[in-house]
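To begin, one chain is listed below as structure tokens, in the form predicted alone.
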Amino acid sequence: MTDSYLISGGHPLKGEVVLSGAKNVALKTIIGALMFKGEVTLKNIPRINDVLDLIELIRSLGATAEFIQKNTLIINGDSLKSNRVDLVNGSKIRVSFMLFAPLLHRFGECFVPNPGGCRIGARPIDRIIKGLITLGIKVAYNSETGYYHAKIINKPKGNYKFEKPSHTGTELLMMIGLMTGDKVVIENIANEPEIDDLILYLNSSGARIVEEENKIIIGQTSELKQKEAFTIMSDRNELVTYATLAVASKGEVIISPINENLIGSFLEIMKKTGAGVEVISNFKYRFFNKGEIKPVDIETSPHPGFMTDWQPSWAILMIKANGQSVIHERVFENRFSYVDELKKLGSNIKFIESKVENPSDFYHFNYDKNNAYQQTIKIIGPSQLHNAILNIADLRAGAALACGALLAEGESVVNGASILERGYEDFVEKVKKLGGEIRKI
């Protein structure tokens, strides 16, 4: 099986990109569909590895799922027959952990293994397990088998407040709340647009979910049944990848369709670099190189801040900036797997110390004062990049490495293409349309 890219870089990338559907909405709407009665039709679902792995997983549980067009998926959970998630399939993808909701909804109890996915940090699930227990779910973990055993004794109810906001936790507890016979309130929630899209999807089919400032209120729902096909939002992470790549390569790209509200913080910071940023319409944008790229420091934070998923792509742009820039990662504690790999291309990047007064409050992960963290990098540019052999360790880092190779003179090999393709649909084809020289080997 081929799992590498052969890339000949050093060319300006120009053209147009049509964004695929958002990975983090596609996965959650597919899982949510298993709680519906009858068929569910989802549109704009990207054919990425995470989606394909999830489809294989829910089929192994007895559900049906089939693409009837390239990005239109029909799912039916009525035929679910197993409440035990297969260890091999479940370990491939972190979102398998959210199968707690549909399996508890259908069977009243379930067995779910520790989640898989990218290792960009510990991503502790203790907050989520605590939330399940608080809402009335009985949960036990077997360290020998690696499985959680969950059981509903009474219908979920009550309030739970996250110590720190959790994207996956908010979505899972919201789905658990759909089974309430009374009301469930989730406080200190994550406020990402992908969660708003999931709420829109569930409410359009009979759910009663209300979002108020920093909390979600879920009322009693009798049955979920889809009235019409649901189209998920576009992937804002994909936009950032192609926008930064185009400007760094001294090219230009037109990208659509995505609502400006989803990428406002990125657009503002991009303008500070001196790059050309043109809003053609509320859903179409033009990014282009205007000459010297100015260095801009960033700190990652949840929406509406600068997303953690954007920072590897930002590093690619800053490699070509004229001067010194700093990236401070606040969301995950292992998000810089790309640093040593980009050094192979000739980039000037190094880790630096971050002085933070209250790190337990400042960082969104479970900070342990006894651990040594590397949360900040300094980039000095512009660097003239050369070819290298690179290895992908996680999804967004993979996109940064492929983009770095596209900026570098000569022929590079990027190993681990399947990791990048967990979240990027038609990556090779889209890069080729922009004039990039890339092929799978």
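Everything quoted here is computed from the prediction, not taken from an experiment. Residue indices: 1-based, along the sequence shown.
The discussion below concerns the form predicted together with a small molecule, not included here.
This chain lacks the partner; the member of Arg286, Arg94, Lys157, Arg106 within 4.5 angstroms of the small molecule in the predicted bound form by a non-hydrogen atom is Arg94.
Proximity to the small molecule in the predicted bound form, defined as a heavy atom within 4.5 Å, holds among Tyr147, Tyr201, Phe332, Phe266 only for Phe332.
For the chain shown alone, Asp126 is a contact residue for the small molecule in the predicted bound form, at least one non-hydrogen atom being within 4.5 angstroms. Heavy atoms of His328 never reach within 4.5 Å of the small molecule in the predicted bound form, leaving it off the interface. The small molecule in the predicted bound form comes within 4.5 Å of no heavy atom belonging to Lys215. In the predicted bound form, at least one heavy atom of Met307 sits within 4.5 Å of a heavy atom of the small molecule.
With the small molecule omitted here, the record of contacts in the predicted bound form names 363-371 of 205-213, 346-354, 133-141, 363-371, defined by a heavy atom within 4.5 Å.
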